[in-house]
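A lone chain, given as structure tokens: the form predicted alone.
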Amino acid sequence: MKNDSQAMAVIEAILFAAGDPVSINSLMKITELSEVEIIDLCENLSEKYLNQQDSGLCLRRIEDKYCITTKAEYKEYLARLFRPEHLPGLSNAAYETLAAIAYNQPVTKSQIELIRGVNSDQLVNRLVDRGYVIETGNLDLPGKPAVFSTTEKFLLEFGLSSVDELPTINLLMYDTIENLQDEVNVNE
């Protein structure tokens, strides 16, 4: 490529056309640029969008991927465009279940039930249907229970680059509950 401006335009075109997040490795293969060059160009592109007051777009990094998304301040307008009439919003119980998964992933349905204190099978299934959660494997235990984790859609919708950006909350941690149970059992 002739210059950084052209390379940035190529990356922008790739991300726009892809629609979904594109990994740094894929961008390296497509553009034949190094990882450092890709990251620098994406940072410059991100700054360009931030400085454009008349643009509704921004560049987001999600773990090792980049994507072009709309700015958060326009969410209300986009919700009107994409409002799924047949899908009601998530309930408080669904948000609670989603938080339990996000903070403890990968996590089983029985661990979620222990965290919440109630059966959460239906809620986990609903979150899978909505694309916020995905089954990521099975534990090597009797019955081979499925484990669940959050998806890129979860990160995008909640404005996170990775689950590491979640605020610290010890009350929702499976390990915290398990330790409390052990303490109660010892004291009995």
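Sequential numbering from 1, following the sequence displayed. Just so it is clear, the model here is predicted, and its values are computed rather than measured. Rigid core here is just the name for the largest C-alpha set that superposes within 1.5 Å across the two forms.
Omitted here: the form predicted together with a further copy of the same chain. The next part is about that form.
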| property | result |
| --- | --- |
| Within 4.5 Å of a further copy of the same chain in the model of the complex, all of I38, S46 and N51 (non-hydrogen atom) | no |
| Exercise: P145 in contact with a further copy of the same chain in the model of the complex, heavy atom 4.5 Å | no |
| D140: touches a further copy of the same chain in the model of the complex, heavy atom cutoff 4.5 angstroms | no |
| Exercise: I68 in contact with a further copy of the same chain in the model of the complex, heavy atom 4.5 Å | yes |
| S26: touches a further copy of the same chain in the model of the complex, heavy atom cutoff 4.5 angstroms | yes |
| Sequence-ordered list of residues in 107-130 near a further copy of the same chain in the model of the complex, where near means a heavy atom within 4.5 Å | D129 |
| R116 C-alpha relocation of at least 2 Å between this form and the one not shown, rigid core basis | no |
